[in-house]
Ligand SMILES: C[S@@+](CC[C@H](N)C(=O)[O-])C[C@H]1O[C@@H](n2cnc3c(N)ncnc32)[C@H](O)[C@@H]1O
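Read the single chain below, which is given as structure tokens and is the form predicted alone.
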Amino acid sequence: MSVREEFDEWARQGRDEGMEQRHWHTAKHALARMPVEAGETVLDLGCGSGYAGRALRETTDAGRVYGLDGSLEMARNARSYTDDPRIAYLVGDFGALPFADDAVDHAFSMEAFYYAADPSRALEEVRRVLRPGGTFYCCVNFFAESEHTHEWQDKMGVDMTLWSRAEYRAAVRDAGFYVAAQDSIPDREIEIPPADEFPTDEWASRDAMVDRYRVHGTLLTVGVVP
């Protein structure tokens, strides 16, 4: 199954809104750190329901936000949720972004980058479309150190890239960025039951759940264009 087919089905099932609810716990902290100024152009890679772009428009007065997704159904859903003429949704491939060189001020991606067919090529494309001084905020919870997310691959019908923290830094540098920051954003909103309530249907122990959400959380790597 292709990425488009997988997420077209998710969109038809309404799972895009569930993704938004889960990802917002940590996405909002990454978005709050983005240096977006009024009038600037932002690209949201793997936009899903479009929540990140809407949040940036509301909080930063970004001049234009483009949400790009590999799924036509996701893009359609996002448009139906959005009442803002300065937000547009596109269907496209991370490896061939439909933008001219130096056309975008900032880029953001939340829990989508690891679906890129060629992640190194995707980083080169992000670097190409960003202006000098532009930033890329790349957020993932599926990475090598976060062992309790690895089983997610078995549940997906598409291949996913499992890089370590060091591999993300190296790939961002190789694509022509400076690595301005890298850290983990813990999910402090998801409720973790007391130890005597484990095991659950999803977790063998409380320690495992703490490790997934509080210790590793979402990995944020920030690249800046020289």
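Remember, it's a predicted structure, so these values are computed and weren't measured experimentally. Counting begins at 1, following the sequence as shown.
Another form exists, predicted together with the named molecule; not displayed. Remarks below refer to it.
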Tell me, out of V42, L68, L31, V172, which residue has a non-hydrogen atom within 4.5 angstroms of the named molecule in the model of the complex.
L68
Please pick out the stretch from 44-52, 187-195, 161-169, 174-182 that is in contact with the named molecule in the model of the complex, where contact means heavy atoms within 4.5 Å.
44-52
Partner contact for F94 in the model of the complex: the named molecule, 4.5 angstroms, heavy atom:
yes
Considering only heavy atoms, tell me if Y115 and the named molecule come within 4.5 Å of each other in the model of the complex.
yes
If we define contact as a non-hydrogen atom of the residue within 4.5 angstroms of the partner, is V222 a contact of the named molecule in the model of the complex?
no
Residue-level question: is E111 within 4.5 Å of the named molecule in the model of the complex, judged on heavy atoms?
yes
Please determine whether each residue of V3, M19 and H23 possesses a non-hydrogen atom within 4.5 angstroms of the named molecule in the model of the complex.
yes
